[in-house]
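Given next, in structure tokens, is a single chain: the form predicted alone.
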Amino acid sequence: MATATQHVTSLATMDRDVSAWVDEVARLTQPDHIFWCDGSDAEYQVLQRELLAAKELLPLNPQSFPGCVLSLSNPSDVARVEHLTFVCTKNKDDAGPNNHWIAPAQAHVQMDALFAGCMQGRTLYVVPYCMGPIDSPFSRCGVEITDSAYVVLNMKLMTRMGRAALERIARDAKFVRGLHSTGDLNPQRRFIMHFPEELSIKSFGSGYGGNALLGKKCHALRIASWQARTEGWLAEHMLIVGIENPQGEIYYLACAFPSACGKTNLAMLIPPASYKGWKIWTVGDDIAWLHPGKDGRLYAINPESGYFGVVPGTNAKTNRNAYDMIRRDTIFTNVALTADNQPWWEGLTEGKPVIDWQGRPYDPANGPAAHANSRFTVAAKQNPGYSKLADAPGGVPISAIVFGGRRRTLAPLVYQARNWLHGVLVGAGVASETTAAATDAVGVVRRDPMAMKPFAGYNFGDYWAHWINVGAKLKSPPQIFHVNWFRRDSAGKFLWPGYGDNLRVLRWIIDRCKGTAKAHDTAIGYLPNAADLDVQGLGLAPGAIDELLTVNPELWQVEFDGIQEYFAEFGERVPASLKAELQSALLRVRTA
């Protein structure tokens, strides 16, 4: 791998704390070389060429996919490992039952034993990065030390990485320390440890993005959620989308969905043909940092500068913007290959796989050609719908927060919370039902509060209390809604077309925020009347819109009982006001 003495001279002296920590890690891990990353395009090209020469990356067809490369993972290292991911706080209850816990001292001993000498024969890369615009007061910085050049390339696309970040670290005098090594990729020696009280992360034994790109879920959610509670803001697993109407007004929504609920498609939504003059602007597709503004509103930045997206199912119909943007300068991971060396994945209508994601001749008997969690990494600015305000230091004002889940019969197409506290209850109750394709079981309800179950870096009871406290600071808080694109009829068919037509629902949400749309009160919140939603030209089945907006009190009583049981897991940490709100909700459905 590359060495860069010139980087050491010019960058290592910029911040003594970083330099001292790098020296400490080097003594532990014993690398052959130390490479300080400056984040330049030239550096990116050098590292990419070296990985191509070593056949750790494969070049893709330069005519149809210029600048694109493919990485094939070890088959044992293809996804996040939640059962091996820990939050290490001094007090176990501070991590909460929503996290796996190990005492910090024990965790450090265990991890340092793995790191000892692990970089012999390798290069240690120092990756200074900024989550969020470099000049934003809402941004936070970190340094990842890694022995993976693949990680460096991905961090270049996903963060503001390099010299400018190191300069900001020197000014801030604070940074998140992330230590990573791929180790020997042994699943028995694979752990991801978070130390929120120390603002540090240690990850060993995986090269997969969610475990190895420490700026992403590890820093931007688990550690940042702890920082956010300390500092009075919110770090959330939310997309940020701007919706511009024909009058040129733009309204920004922050939306949280569990996996397999259309999050990326919503972030990059293409308006239906009948919505002339409407535009969608993507600020972020995955993570939002939300800060109370001086004017009493909530403002959001996307801490990332790229997308690390699941690629199966992406095509010109489902997500045209994503389909277009990943056709150049993209890192693909664990997709298949066609005979003419183009990437292929399930959901494409063109091409035919000949090599699967494990580098074998494709045989359907071996399973899908591309791994179900195969990925693309690409700079956000390649998105045709990229919002320039993604780089705005002050972020964008949020008009609405939208939660969603996959429910067959329970949740209506859309409803609005009565107030902020009720909205926190709606978010805390987020759940999705499993599908046969995912789990061989249908309809099993999985609780995923605020879509943060794998990512909240502390006790959910304290997390909900923090949400309530943030809302109390806002003079003009966002309105809170819940959507469900996945309601089905008695024959199991989807009642709503989804995709671009979801804009019809978002339009009602925006009009509710403006105070121009009607609604009626129900046992669970405010719902649109059938006439309040634009369904012209959809060709919905007779009675479909009424079924989409039906609230069954008996089903909701079972749901609220389930939420009450879930809250009981967190005991006295659940805020009394949230418990009272749940009791009010139960009373409303029992008397409906």
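Note that residue numbering follows the sequence shown and begins at 1. Everything numeric here is computed off the predicted structure, so don't read it as measured data.
Keep in mind the form predicted together with a small molecule is missing from the figure; the text below concerns it.
- Query: Which of 209 to 217, 96 to 104, 415 to 423, 224 to 232 has heavy atoms within 4.5 Å of the small molecule in the predicted complex?
  - Reply: Going through the listed ranges, the match is 209 to 217.
Decide if the three candidate residues 237, 308 and 455 all line the small molecule in the predicted complex, where lining means a heavy atom within 4.5 Å. Yes, because 237, 308 and 455 each have a heavy atom that approaches the small molecule to within 4.5 Å in the predicted complex.
Item checked: Among the candidates 482, 320, 407, 80, the residue which, in the predicted complex, approaches the small molecule to within 4.5 Å (heavy atoms) -> Exactly one residue meets the criterion: 80.
Could you work out which of 140, 375, 180, 160 is the residue within 4.5 angstroms of the small molecule in the predicted complex, going by heavy atoms? In short, 375.
message = Check residue 147 for me: does it contact the small molecule in the predicted complex (non-hydrogen atoms, 4.5 angstroms)?
response = Because no heavy atom of residue 147 falls inside 4.5 Å of the small molecule in the predicted complex, the answer is no.
With the cut-off set at 4.5 Å between non-hydrogen atoms, does residue 274 touch the small molecule in the predicted complex?
Output for residue 274 is no: heavy atoms all beyond 4.5 Å of the small molecule.
Is residue 448 a contact residue for the small molecule in the predicted complex, using a 4.5 Å heavy atom cut-off? Answer no; every heavy atom of residue 448 is more than 4.5 Å from the small molecule in the predicted complex.
Inset, instruction - Consider residue 186 of the chain shown here, and say whether it contacts the small molecule in the predicted complex, taking contact as heavy atoms within 4.5 Å. - result: Looking in the predicted complex, residue contacts with the small molecule do not include residue 186, since no heavy atom lies within 4.5 Å.
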